[in-house]
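Given next, in structure tokens, is a single chain: the form predicted on its own.
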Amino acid sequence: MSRRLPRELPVLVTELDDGGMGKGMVDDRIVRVRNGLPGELVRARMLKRRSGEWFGEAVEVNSPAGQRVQPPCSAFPRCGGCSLQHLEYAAQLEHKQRGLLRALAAVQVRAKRVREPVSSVRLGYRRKARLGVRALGDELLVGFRESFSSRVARLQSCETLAHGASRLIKPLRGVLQGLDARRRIPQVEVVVGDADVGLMIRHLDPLSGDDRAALAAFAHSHDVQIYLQPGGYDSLELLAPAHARQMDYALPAFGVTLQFGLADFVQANAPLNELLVSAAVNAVAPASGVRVLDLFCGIGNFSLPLARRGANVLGFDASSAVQRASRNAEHNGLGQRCEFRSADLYDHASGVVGDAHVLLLDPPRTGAGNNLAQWLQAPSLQRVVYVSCNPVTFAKDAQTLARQDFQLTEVGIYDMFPQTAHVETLGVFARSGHG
């Protein structure tokens, strides 16, 4: 195979990998192809090579698989925001569940019960996203990065973004294109609350007075909040309106509303998050007085619903998160049942479990970390409810739990990011003898 790229060649796709790419072999070399499904013979345009493998995009499908569907977005597969739009939705769920069970089998962990995949809306769900900005001659592009490239996809709107965000892509591109600093703005983050939309505009050089005025006018005409971001999140500066409006989302089943800042972590899919929170609360099975330790608690997404159901909750996370969680607890009248403390849970974090009955975990993609085994030694701990965004680290931590005599009683996926390969998992572990 010639090493010159790009080039086109036929590929017989034999399987779908965990990233949603079709996988095949050409001249004894692994080839991964976006927009390819198992059983298809495709003509693929090779765009990248890495670690001896080739990566490309199917530009022609000669033998479509039975599960292939017409993608809902014309930018697929060139846009890198989605990876599975060409696969019928039921098959997407099956693929994600197989990947989770394969990861668990690799560490010899078996669940007593595998729940049916849980899903909600399939499009228009994403309430938080980072969009690239790039000048191409006289044209400015705003959208997700293209596959295998730093280029930005040419978008007018986005089928997966919440409407409040998708509607802004075209007019945002227009106002940015008119700025003096248009070539020094690499990205815009969009955040959608229940009643408001915020934009964080990253800029590498100070903005002129005219640029600031143009962005303020855009904020007014489109009823959005605009923050300028010259550096990290700690550099955010409200540009418009004159006074910040509080971003929030409600969890109606629990009668709570959570306020959040634009830089705070929130689950991207609001309807699915409601289902996930309800399932986690039911898995904890809180009764009045049950003690729950919520590690990586964030702004209180699980803590407050648990407290509303009668649990006493102690949450740990980074300082900025627990400050927000504490305010949310007071705002919802749950301050007596919730306490939040700051800690680096990946550093020395001994003694955090105390006398908790249930441990709830919702860590980043890296997993619970090296302190997990120590936390599990608390004699009062009977159950662990684990929310994960990475099947590989979930499986690794499930192995640690099994070694500490916690059995995986049930597990299932929650489709937080339809049309993508992202897998959200809920696992419930019980100490032997506690059901």
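Everything numeric here is computed off the predicted structure, so don't read it as measured data. Sequential numbering from 1, following the sequence displayed.
Another form, the form predicted in complex with a small molecule, is not on view; read the next lines as being about it.
- Only one of 113-121, 203-211, 316-324, 232-240 places residue heavy atoms within 4.5 angstroms of the small molecule in the model of the complex, namely 316-324.
- A single residue from the set Gly143, Gly193, Pro77, Gly298 has any heavy atom within 4.5 angstroms of the small molecule in the model of the complex; that residue is Gly298.
- Taking Phe265, Phe254, Tyr89, Phe148 one by one, only a single residue has any non-hydrogen atom within 4.5 Å of the small molecule in the model of the complex, and it is Phe265.
- For the chain shown alone, Pro363 is a contact residue for the small molecule in the model of the complex, at least one non-hydrogen atom being within 4.5 angstroms.
- Residue contact with the small molecule in the model of the complex: Ala283 places no heavy atom within 4.5 Å of it.
- At a distance threshold of 4.5 angstroms between non-hydrogen atoms, Phe302 is in contact with the small molecule in the model of the complex.
- Using a 4.5 Å cutoff between non-hydrogen atoms, Asp344 counts as a contact of the small molecule in the model of the complex.
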